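First, one chain by itself in C-alpha cells, the form predicted alone.
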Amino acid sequence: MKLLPRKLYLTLLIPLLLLLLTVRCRETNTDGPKKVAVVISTLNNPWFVVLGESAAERARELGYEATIFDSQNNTSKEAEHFENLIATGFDAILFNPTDSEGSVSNVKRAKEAGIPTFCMDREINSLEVATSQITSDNFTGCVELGEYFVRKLSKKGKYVELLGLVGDNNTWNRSKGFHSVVDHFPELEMVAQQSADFDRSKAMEVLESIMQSNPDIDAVFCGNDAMAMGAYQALVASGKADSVMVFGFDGAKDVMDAIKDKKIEATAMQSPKQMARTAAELANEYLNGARNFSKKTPLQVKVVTQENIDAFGAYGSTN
C-alpha cells in the first residue's frame, strides 16, 4: 500500500483534531456555567469599553461566564479570537465587528460550529450568518442631527466632515443620513471630507492639516464623539474653538461634559449599554431554546444639544 506524503497527512489531520477538540470542550463545559465571549473591535475608546463591559456584566447577571476580547481594530486579530473561541467551546458570541465585510467570514465559521453570534453597534454585510444584529438607527439619527446642523449654521457656511472607518457601515449610514439633509442647502459648502478612523488623535491631526488650506471653516461634522473631541483639540490649538461649531455622534461622557460646558455643539445619543444588554438577553433566549429572531434590531437615537443636555446621561440609559 502506497503511503500518503507526510504534509498531506497533516493537512487532513489538523482539521480533524480541531473538530475533536471543539466537541471535547463542549462536553466538558456542560457541568459548569455556559461561556459567552464578548468580542470588541477596540478597547482604546471609552465608548467601546462601556459596550464590552455592559455586555459582559449583563451576561454574568444571567448566569454565564463572560470574557471580553479586544480585536484592536485588526481583522486578523479578530479572526484569531474566533478561531480560539470555536476551538475552546464558547456557547455564544456578543460581537462588535471590526469590518462590515471582513468580519462576515468569522461569524460564518462560528455559525458552522453551532455558536450563535449577536452583533452589537456595528453590522456585517450579511443577514444569513449572525443570529441578530443590534444597532443604532444611525441614518435617522444623523438626519435629525443634520437638521439641527442646518439650523445652527443658518443654512450657510463652510464645513469639514470627518468620517470614521471606511470599512464600517456605521460610517456611511451616518454620513448618508447627514447629507440627505445638508446637501439640499447650496450655501452649505463641504470643503473637505476625510477619514480619521473614529480616533481622537487622528482626528486632531487630520483637522489641523485640513485647516492649513481651509482656515475659515464654520463647523466640523464628526462621525463619532472621539473624533469630535480630537477636532475640538485642533480648534483650541489654532485659536478657533470659539468660532467653529463641532458636532459628534455617540453620547460619550467627555462630549456630554463638553456640551454642558458649551464647547461641543451637539451629538447623537446612542446607548452602548442598551445595545449590550439587548445582545446578552437575546443570547440568553437562544441558549434557552428560542430560535425566532429578527435579523436586525434597530434602537432609537436622540439628538443631544446644549438646550436639552440636562435630560441625558453619558452613554444613555441602562433601561
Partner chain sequence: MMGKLLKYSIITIIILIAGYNSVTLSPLDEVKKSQNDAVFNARAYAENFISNDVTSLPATEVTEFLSQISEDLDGYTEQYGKRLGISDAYNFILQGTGTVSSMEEEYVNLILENEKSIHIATDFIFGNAIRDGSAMADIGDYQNTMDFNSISVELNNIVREEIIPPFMKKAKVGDEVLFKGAVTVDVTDPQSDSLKIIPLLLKINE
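Residue numbers count along the first chain shown, from 1. Since we're looking at a predicted model, the values are computed, not measured.
One more form of this protein, predicted in complex with its partner chain, exists but is not displayed; see below.
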| query | finding |
| --- | --- |
| Partner-proximal stretch of 85 to 93, 111 to 119, 71 to 79, 134 to 142 relative to its partner chain in the predicted bound form, 4.5 angstroms, heavy atom | 134 to 142 |
| All of V49, M229 and Q270 with a heavy atom within 4.5 Å of its partner chain in the predicted bound form | no |
| One residue of S209, S238, S180, S201 in contact with its partner chain, assessed in the predicted bound form (non-hydrogen atom, 4.5 angstroms) | S180 |
| Proximity to its partner chain in the predicted bound form, single hit among D218, E161, E123, D197 (heavy atom within 4.5 Å) | E123 |
| Distance check, S54 to its partner chain in the predicted bound form, heavy atom within 4.5 Å | no |
| Its partner chain contact at T297 in the predicted bound form, heavy atom, 4.5 Å | yes |
| Proximity of E147 to its partner chain in the predicted bound form, heavy atoms at 4.5 Å | yes |
| Proximity of T278 to its partner chain in the predicted bound form, heavy atoms at 4.5 Å | yes |
| Contacts with its partner chain in the predicted bound form - residues in 149 to 176 whose heavy atoms fall within 4.5 Å | V150, R151, K155, N173, K176 |
